[in-house]
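Next up is one chain by itself, shown in C-alpha cells, the form predicted on its own.
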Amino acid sequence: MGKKYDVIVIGGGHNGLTAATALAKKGKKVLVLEKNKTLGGLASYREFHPDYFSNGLLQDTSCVRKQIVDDLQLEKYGLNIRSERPSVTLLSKNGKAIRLSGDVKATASEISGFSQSDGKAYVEYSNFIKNISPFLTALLNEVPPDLMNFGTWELLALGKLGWKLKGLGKKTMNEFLKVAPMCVADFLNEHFETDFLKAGICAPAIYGSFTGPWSSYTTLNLLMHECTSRVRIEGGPKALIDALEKAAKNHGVTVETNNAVQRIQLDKNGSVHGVVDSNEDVHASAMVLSTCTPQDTFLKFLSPNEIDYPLEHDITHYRSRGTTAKLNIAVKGNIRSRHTNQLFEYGRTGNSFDEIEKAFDAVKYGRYSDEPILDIHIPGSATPSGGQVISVLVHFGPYELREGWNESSRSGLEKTIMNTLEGYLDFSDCTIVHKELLTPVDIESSYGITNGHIYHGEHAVDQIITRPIPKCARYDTPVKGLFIGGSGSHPGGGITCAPGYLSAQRILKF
C-alpha cells in the first residue's frame, strides 16, 4: 500500500510538473507518476543516437506563459526567459526568404524588399494582433466559465469577457468578430500579396490539426497563436523541464519515473480513491489530476462500467486524428542554408496556400503528402563531439495510412522528407550520421498520445471553446475527484504550461 497524498498527478510532462508545483506551493502533498524513465513528455530530452539528443518532440516554447513562470519563480531554478519570441525564417521554393522577428519595424522593412504594400500591411497586421491581445489572452489564460451550470457567477464571468471584448473598441471588435470564423487563406489574402509570406504566416494555424488553409475558423487558431507567442526560453524545452523539476522537488513534490498508472481506483460511491501503479501498489488520494489524453484518462484508466454512456460517447468522438511526423537528423560537418547566408534556427516551408492545401488533401485520403510542409529547427549549439541535430516536424502524414505504416511506407516518407528538405538545406559539406523517423503511430507508442496527435486533440473551434467536451471544460469531471489538465484541456496543446497551471487553480477551489 502506497502513501496517502492530497493530489496525485498522472504524467510528468510540462503540464503535470506545472500543476504539481502550483499545488505544492499552496501546501498540498503531491505525487507525480511518470511512466517513462525521464520527465518532460512531449518536451523530454532524449538521446536518439549516441551523442545526439532531441530536445523535445515539440520545440516551440514561445507560448509558455510568462505569468506562470513568474508565479512559480522558475527563474530562481535556472530558467532564462526573454520577452521576445524567436525569429522564424520563411522559406520559398525559389530561394527567397523572409525573417519574421519580434521587431515589427525590422520585419516590415525586410518584407518591403519583396513588396512595399506587404511591408505596410505587416505593420497593420501586427497592430491588430496587439489590439486584440487583451481579450484573447484573457480568454486563454483563465479557467473557462461554467456553461453547463449557468448561474450568477457564470454570468459575471461571461460579462467580464464581454467587457474586455467591448474594450477593444468598436472598430477592432467588429474586425475580430468578422475574421475569427474565416479560413486563414481568406483572412491573409485580404492583407498580403506575397504567396510564401502568407503561407509562412498561416503555418501555426494548421499545424497539428486536420485542417488546411481553406478550412473555416483557422484564422482563430492563427490569432490565438499570435497573441500568446511572446517569449523565448533559452535552452528550449529541456531548460523548462529542468527548472520545473527543480521547483517541484523544492516544494516537496514526490516524483516517480518508470512507474506507469494502470488504473484510477474508485470507492463504492464512484468517487476517486487513488491510483494503482505498475507495481500494483495503491496510492491513496481523493483527488487525481490526469495530464494524459482525454481518451486514456476515461477509457484506459477507468472501466467501462465506471463512466456513463454519454461521457463515454463524447470522449470516443473527441477528434484527435494525428497528422504530424517527426524526423531527427544527426549530422557531422557544416550544414548550409540554400536561402540565407547565415543558417537559421527556425524555418518554415510552404510556398503558397494551394501547395499547403494540396499537402493536406493527401491526409484526407489516407496518404502522406508527396511534398510535405516542414517546420525546421536547427539549434545553435553543437554536440560534444562537434555534431549537429536537425529537427523537423512534418505536415501532413496521417495516423491511419491507407497502406498501413510498415518498412516500405516509412522508407517512402523518409525519402520524401529528405527530398523536400534538400531544397532548403545544403548537405554537401556534411555527413548524415543517423536519421530517426517518428510517424504518428510511433509518436503514439513512444509518448502515449492517442492517435499520435501532438496537441492531444484537434484545435477546432468546438474543441477549443469547451475543450475537450463541455462537461469537462473546467478541468473537473463527472467522476468526483478526477480532474484533467493536459493538452487536451483548455486552452489547448503546445508547450504553454497553461492547462496544468489552470487545472491546479481549479483543484484549489475544492
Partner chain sequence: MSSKYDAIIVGGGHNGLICAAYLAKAGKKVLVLEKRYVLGGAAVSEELYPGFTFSVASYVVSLFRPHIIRELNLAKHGYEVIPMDCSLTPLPNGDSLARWGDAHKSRREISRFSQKDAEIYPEFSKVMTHMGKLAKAVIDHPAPDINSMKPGEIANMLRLGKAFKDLGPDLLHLNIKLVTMSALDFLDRWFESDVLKAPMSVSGIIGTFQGVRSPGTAYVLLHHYMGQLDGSFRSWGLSKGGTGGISIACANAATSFGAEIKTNAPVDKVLLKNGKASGVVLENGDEYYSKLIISNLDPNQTYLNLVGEEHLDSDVVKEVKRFKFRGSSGKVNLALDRAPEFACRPGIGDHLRGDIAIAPGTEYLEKAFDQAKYGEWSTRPYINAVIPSLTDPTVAPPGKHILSCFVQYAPYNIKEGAENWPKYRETFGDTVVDTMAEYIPGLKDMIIYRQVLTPWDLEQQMGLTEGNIFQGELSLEQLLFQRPLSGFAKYETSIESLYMCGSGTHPGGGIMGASGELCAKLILQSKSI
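A quick note: this is a predicted structure, and the numbers were derived from the prediction, not measured. Residue numbers count along the first chain shown, from 1.
FYI, the form predicted in complex with its partner chain isn't displayed, but the following is about it.
For the three marked residues, 170, 190 and 365, a heavy atom of each sits within 4.5 Å of its partner chain in the predicted bound form. Heavy atoms within 4.5 Å of its partner chain in the predicted bound form are found in exactly one of 246-254, 90-98, 210-218, 225-233, that being 210-218. Checked against its partner chain in the predicted bound form, the candidates 242, 110, 357, 277 yield a single residue with a heavy atom inside 4.5 Å, and that residue is 357. This chain is displayed alone, yet in the predicted bound form one of 263, 178, 336, 130 has a heavy atom within 4.5 Å of its partner chain; that residue is 178. Using a 4.5 angstroms limit between non-hydrogen atoms, residue 442 is distant from its partner chain in the predicted bound form. In the predicted bound form, residue 182 approaches its partner chain with a heavy atom inside 4.5 Å. Put simply, residue 415 is far from its partner chain in the predicted bound form: not one heavy atom of it is within 4.5 Å. Interface membership of residue 174, defined by any non-hydrogen atom within 4.5 Å of its partner chain in the predicted bound form, is confirmed.
Contacts between 292-322 and its partner chain, taken as any heavy atom within 4.5 Å in the predicted bound form, involve 313, 314, 317, 319, 321.
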